[in-house]
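The chain below stands alone and is given in structure tokens; this is the form predicted on its own.
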Amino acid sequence: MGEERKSSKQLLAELQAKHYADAQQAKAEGKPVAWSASIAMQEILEAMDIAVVYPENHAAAIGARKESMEFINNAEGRGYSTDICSYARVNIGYSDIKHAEAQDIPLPDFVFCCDNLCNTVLKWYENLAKDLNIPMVLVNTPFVYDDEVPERSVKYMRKEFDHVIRQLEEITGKKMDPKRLEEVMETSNEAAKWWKAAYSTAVKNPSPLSGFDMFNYMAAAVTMRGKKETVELFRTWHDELKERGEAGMGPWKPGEDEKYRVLWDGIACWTNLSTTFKTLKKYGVNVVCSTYPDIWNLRYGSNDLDGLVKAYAEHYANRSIKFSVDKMSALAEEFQLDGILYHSNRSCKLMDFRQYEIQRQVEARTGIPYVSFDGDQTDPRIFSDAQYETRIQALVEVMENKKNAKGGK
């Protein structure tokens, strides 16, 4: 009898456990450990065999286990404002407490920062470097105001890329192997391809994918894109979803129909995952796409270093409002959306302040109804169960009226 093939859920659990175990083992052996921003050039770190842990991903895991307030209270008690990103407050609190029931991670020997997602991460990592008395390696990413990343930005980032490698060689005492970097880039590209292929199966109506599964699998897209095991994970997940779709299966159990298809804009409420998911499911609403997971669909040519640095500048969060409106309008058509749900995330100022104008322009262009709700990625004090359900009810009412006006199609 051949060995039974593991499910994608089993592979995901094993990979996550190994990810953290490897970091702990590296620390025990005296090897350098980095804390990295979530959309930094992991290809460099992977190619240099540096153990990496991602504070944002770790904070999300802590939030999902409903532990975040212990760390938030620690950070706020030491003078950090409630207006600071809750990921930062959770991580800064963890750097002092050094233990979480959800998952322990080793303290870093240096921090690896890229400011292409927000500017908060820059000051957050500067504080970590100062408090822990460790180096900070920074990749600065110019904001993309135009339709394309300008050549001047690519040239600037290539110089940074070379400088960062020299910094890491000094920190680790080992040289970058160009051949190994090329291999990691190929693996990362393949992982990104299957990541997108998997969550894009939700184009099918009904979707075989529940959007909240997409948020869970995203952990591997953040932390392990450069590993061959991640390629296997996303390929397996894609094949499972494709099989469900071909069998006409929806996102949930038989009899639980997908009545409405929506886009979720923003980060998940990790401390309120159960409530946000169950409330949507109660009304037959399925999240079939999101602007957030596509950020880790980082693609570039084989051994194309200019393409690599460009990919880290051109993702959704580092682009203009026009780009965001174009992107969301295209998703609305591709995924046959009935509505859009905007998470007005107290932590994510960059995305929050843009949302009002994006909402206005997307609604004007597509006619698709929307609602927004107040929340936060890991600070549970911001989220209100009652407000959330009231907003979902309002969206369902408008979506149902529009369907009835079209003859139920």
Partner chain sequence: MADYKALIAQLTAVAATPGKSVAAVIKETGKEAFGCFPLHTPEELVYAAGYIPVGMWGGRTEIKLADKYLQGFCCTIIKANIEMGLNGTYKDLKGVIIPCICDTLKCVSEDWIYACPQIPVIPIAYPMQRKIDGAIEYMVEEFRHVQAKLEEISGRKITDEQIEAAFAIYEDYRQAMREFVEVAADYPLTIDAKTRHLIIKAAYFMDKAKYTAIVKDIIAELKQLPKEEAKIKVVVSGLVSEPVEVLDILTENGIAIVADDLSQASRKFRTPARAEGTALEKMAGIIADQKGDTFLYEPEKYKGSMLIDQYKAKKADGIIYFQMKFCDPEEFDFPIVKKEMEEAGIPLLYLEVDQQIDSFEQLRTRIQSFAEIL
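Residue numbers count along the first chain shown, from 1. Keep in mind that what you see is a predicted model, and the values were worked out from it rather than measured.
FYI, the form predicted in complex with the partner chain isn't displayed, but the following is about it.
Peer 1: Which of these stretches, 219-227, 154-162, 204-212, 189-197, has heavy atoms within 4.5 Å of the partner chain in the model of the complex?
Peer 2: Of the options, only 154-162 has residues within 4.5 Å of the partner.
Peer 1: Please check if Gly284 has a heavy atom lying within 4.5 Å of any heavy atom of the partner chain in the model of the complex.
Peer 2: So Gly284 does not count as contacting the partner chain.
Peer 1: Would Leu350 show up as a contact with the partner chain in the model of the complex if we use heavy atoms at 4.5 Å?
Peer 2: It does: once the partner chain is placed as it appears in the model of the complex, Leu350 has a heavy atom within 4.5 Å of it.
Peer 1: So in the model of the complex, is the partner chain close enough to Tyr80 to count as touching (4.5 Å, heavy atoms)?
Peer 2: Yes, contact at 4.5 Å.
Peer 1: Please tell me whether any heavy atom belonging to Lys98 falls inside 4.5 Å of a heavy atom of the partner chain, as the geometry stands in the model of the complex.
Peer 2: Outside the cut-off, so no.
Peer 1: Quick check on this chain: which one of Trp124, Phe234, Tyr94, Trp264 has a heavy atom within 4.5 Å of the partner chain in the model of the complex?
Peer 2: Looking at the other structure, the residue within range turns out to be Trp124.
Peer 1: Since exactly one of Thr172, Thr120, Thr291, Ser329 fits, which has a heavy atom within 4.5 Å of the partner chain in the model of the complex?
Peer 2: Of the candidates Thr172, Thr120, Thr291, Ser329, Thr120 is the one lying within 4.5 Å of the partner chain in the model of the complex.
Peer 1: Within 4.5 Å of the partner chain in the model of the complex - does that hold for a heavy atom of every one of Asp115, Gln355 and Gln361?
Peer 2: The answer is yes; Asp115, Gln355 and Gln361 each reach the partner chain.
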